[in-house]
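First comes one chain, alone, set out as structure tokens in the form predicted on its own.
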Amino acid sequence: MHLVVDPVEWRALAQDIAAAGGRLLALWGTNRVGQCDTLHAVAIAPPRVISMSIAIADGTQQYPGVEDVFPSASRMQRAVFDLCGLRSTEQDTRPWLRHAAWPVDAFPLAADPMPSSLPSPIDDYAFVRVEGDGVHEIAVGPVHAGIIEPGHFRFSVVGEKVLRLEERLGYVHKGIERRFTELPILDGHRLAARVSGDSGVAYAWSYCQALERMTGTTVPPRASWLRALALELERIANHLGDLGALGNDAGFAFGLAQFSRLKEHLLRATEQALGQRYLLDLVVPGGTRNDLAPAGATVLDEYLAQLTDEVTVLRGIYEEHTGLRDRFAGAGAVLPELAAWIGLVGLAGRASGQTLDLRVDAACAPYDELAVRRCTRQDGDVLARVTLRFDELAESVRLLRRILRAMPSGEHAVAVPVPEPGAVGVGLIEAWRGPVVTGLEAGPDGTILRCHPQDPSWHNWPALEHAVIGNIVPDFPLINKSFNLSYSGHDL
């Protein structure tokens, strides 16, 4: 459902969606007439998905904020201003993405992103201070060890106990959304797949879904099943990597070694079946680039049986290991009531009693035939997020084996026409981390007027600030890894 909403009605509509148990999934702005004149939003109140366009009156450049209705909207609204110059009525006007990287009155997604030569002021970000006896601050990042992407974490602590955590992200600002506007619309899926590399299949599928919807393209059944095959392989690979890393963060290096081995074998089987270890370029407009190799399918099916047996053994070890349980249980808890208020989504949300899973609640083909079993937990701590990974891994293996046995015959791709200028499409795919949303608008002559890919981490980073309160500083890496949120998907 697509609605054109007056700015005055936007806030009331948001309140109605929230009252119906709905969630805001994405928020972005579009420049059509030399300034940002349209705000877009996507929300879900299962089973209904609602996309909205809010036209901003000429010269107004302001709209009602909904941060009190959907708390995760706060950073999205601040990012809309940093990129487009469209301000909400929210009281928090601190820059979120700008980091003094461009002049205050310049907006990267405007027609002329650099309208003045005003110098960029020093980026003196107003972190919230915690006062009291014995309170001091620990600043972590934005420069981290290894290959971690930049993010700043400001801890207020007494001793080792965390009283408050405030994050600041977006230091790289890669210019992905601007780059989309320089690409042909039929080629944009390749950039979409690289927004957050561990979710390449989900992003590419979401982009292609938006494109196919705006052009009325029907994807062949075999292509849909191949896409689901790739998406579940991506989910399993990430769960295997996380389970190993979580064991390692709790001092159990054996877990890292075993799950790393299993992930490597899965990637090798994936390459034999679909031609790539990481499936960044498998999903293309109209279908898939590669078909399933018959011999590779056999290898993949055999490995899934082996994987089930080995993960069952490792799950028993994790559950019985006293040291792991001591570190996991109770750490970084986000209880269901808090998770519902924050709008926690995806794996982290389902570990805190939230049920949203687009494979069930807004199922596209072939998930409407696969009858995905929804996995949830209630405790919302590191242990719940670890346990949910085991649950979802087992469910994905079941889905994959069914997909391999029921794969339709026929072609795996069809041609997609160039959409008409002004055409709009939205794609929604449940990635391993949560719902990935892509808003796509066609420009003239096969160009992209606007493409906004929204990572689920926008909703879940704020939850990490709550999860760490009351825990000790040394547990932060473990709690952080249990969410495993994307810096890259948040830093466009």
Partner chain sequence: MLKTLQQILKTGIVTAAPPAPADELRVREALESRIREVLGRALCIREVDAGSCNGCELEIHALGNPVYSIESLGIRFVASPRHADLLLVTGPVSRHMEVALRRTYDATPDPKLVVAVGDCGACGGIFGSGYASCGAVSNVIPVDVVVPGCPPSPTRILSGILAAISKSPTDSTGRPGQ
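Positions refer to the first chain, counted from 1. Worth saying up front: this structure is predicted, and the values here are computed from it rather than measured.
There is another form of this protein, the form predicted in complex with the partner chain, and it is not shown here; the text below is about that form.
Would His144 count as a contact of the partner chain in the predicted bound form, using a 4.5 angstroms cut-off between non-hydrogen atoms?
Yes, His144 lies within 4.5 Å of the partner chain in the predicted bound form.
So, Phe254 and the partner chain: in the predicted bound form, are they within 4.5 Å at any heavy atom pair?
Result yes; Phe254 sits at the interface with the partner chain in the predicted bound form.
Determine whether any heavy atom of Met76 comes within 4.5 Å of a heavy atom of the partner chain in the predicted bound form, and answer yes or no.
Met76 lies outside the contact set for the partner chain.
Should Arg87 be counted as a contact of the partner chain in the predicted bound form, where contact means heavy atoms within 4.5 Å?
Heavy-atom contact with the partner chain at 4.5 Å: absent for Arg87.
Looking at 212-220, 146-154, 370-378, 283-291, which one sits within 4.5 Å of the partner chain in the predicted bound form if you count heavy atoms only?
Correct option: 146-154.
From the list Leu304, Ala394, Leu314, Val416, which entry has a heavy atom within 4.5 Å of the partner chain in the predicted bound form?
The residue in contact is Leu314.
Could you check which residue among Gly197, Pro408, Pro421, Gly323 gets a heavy atom within 4.5 Å of the partner chain in the predicted bound form?
Checked against the cut-off, the match is Gly197.
Report yes if all three of Phe127, Arg129 and Arg359 come within 4.5 Å of the partner chain in the predicted bound form by some heavy atom, otherwise no.
No, none of Phe127, Arg129 and Arg359 comes within 4.5 Å of the partner chain in the predicted bound form.
Out of 236-267, which residues reach within 4.5 Å of the partner chain in the predicted bound form, heavy atoms considered?
In sequence order, Phe252, Phe254, Ala257, Gln258, Ser260, Arg261, Lys263, Glu264, His265, Leu267 come within 4.5 Å of the partner.
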